[in-house]
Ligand SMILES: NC(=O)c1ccc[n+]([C@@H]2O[C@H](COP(=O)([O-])OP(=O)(O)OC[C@H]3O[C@@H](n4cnc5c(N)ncnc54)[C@H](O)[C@@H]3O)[C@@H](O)[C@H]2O)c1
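Okay, so here's just one chain, in structure tokens, the form predicted alone.
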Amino acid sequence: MSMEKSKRRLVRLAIIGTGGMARTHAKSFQAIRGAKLVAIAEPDIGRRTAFALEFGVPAAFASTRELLARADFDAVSIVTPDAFHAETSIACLRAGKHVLCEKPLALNHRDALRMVKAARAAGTINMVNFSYRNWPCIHAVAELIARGDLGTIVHVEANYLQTWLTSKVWGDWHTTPAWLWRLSKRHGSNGVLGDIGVHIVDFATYPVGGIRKVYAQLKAFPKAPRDRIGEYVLDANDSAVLNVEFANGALGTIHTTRWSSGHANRLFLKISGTKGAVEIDSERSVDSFRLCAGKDLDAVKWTEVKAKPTPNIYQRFITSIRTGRQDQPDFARGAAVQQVLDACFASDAADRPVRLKARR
């Protein structure tokens, strides 16, 4: 097949899981010319039927095994609860499918490395959905730092703040399983660190580089009588504070919480170097960033810089399949971020810093 024909060919997609994020995957793929959603897998018959009707999916199956045995497709989006990411991805990779997996890649670094190994053996496209890579500002900042415009990076501040434990902006978590499972270890949650901390770790290390040492404190604050609502034991961390040292020697703080009133979903990143600083605040803009450098240093002046548009991860996943060129973030990147999360849990348990090998 010629490269031109490869770029035009139809990519047939399946989605495994039909939760809230699966709807985003379905809408995003249906907006891409030449990408067609042909099958889904979901054990709950009511959700499976409703999802198939809403998105016009012609084939719906009760399990991944049934999907792989009976459906004809090229690529899959895995949007299951976190605990099923590893085995579901590996099964699809072994079947020769291209895989886009929701974050976090796995529940631990060991399982993430198994996924990387399976992806390399399969030779298919593999990506993890760090969705904030869709924002033009983070790519522009990464390019700016790579050029050396900020000099040597020395200090990083990063946070991801949500408010749904104090606000009903996204609904009432007390009565909604979609939120309650995120607060319960037994239901497969690694807490706020595993759910959205994974995003801010990727967001900070993508432009700056890997982390070599972390001292983390994780905490689950009281939320209900006996810390329980029905079958859900509310023991997963809801606040996390990381003091980190990057591979290049820069120091930084990364923190995340579900208790931050006034912030529905805010990411903030400030990177300071010997020649200037940049700042991203998602509540202000995701298409631009602020820069203080050059002639503005002595005036302590910030300038808003517009970033060029960038394709979203769904578009880049399809392009990678058509061209055969692996885009980022791939499973190896997801495993590197998972290594940082594992170090955070170890650090919190031992109440001491943990050193790790810097990864990309």
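In this text the structure is predicted, and so the values were computed from the model without any measurement. Numbering starts at 1 and follows the sequence shown.
There is another form of the same protein, the form predicted in complex with this ligand; it is not shown, and what comes next is about it.
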Check your understanding: Residues in which of 300 to 308, 66 to 74, 36 to 44, 326 to 334 have heavy atoms within 4.5 Å of this ligand in the predicted bound form?
Key -> 36 to 44
Review point. Just to confirm, Ala158 within 4.5 Å of this ligand in the predicted bound form by heavy atoms?
Key: no
Review point. Does this ligand come within 4.5 Å of any heavy atom of Pro104 in the predicted bound form?
Key: yes
Check your understanding: At the 4.5 Å heavy atom threshold, is Leu234 in contact with this ligand in the predicted bound form?
Key -> no
Practice item. Consider Gly123 of the chain shown here, and say whether it contacts this ligand in the predicted bound form, taking contact as heavy atoms within 4.5 Å. Key: no
Check your understanding: Exactly one of Phe84, Trp173, Trp259, Tyr215 has a non-hydrogen atom within 4.5 Å of this ligand in the predicted bound form; which residue is it?
Key -> Phe84
Revision key, fill the gap. None of Arg133, His98, His255, Arg182 but one has a heavy atom within 4.5 Å of this ligand in the predicted bound form; the exception is Arg182
Check your understanding: From first to last in sequence, which residues of 192 to 221 have any non-hydrogen atom within 4.5 angstroms of this ligand in the predicted bound form?
Key -> Asp195, His199
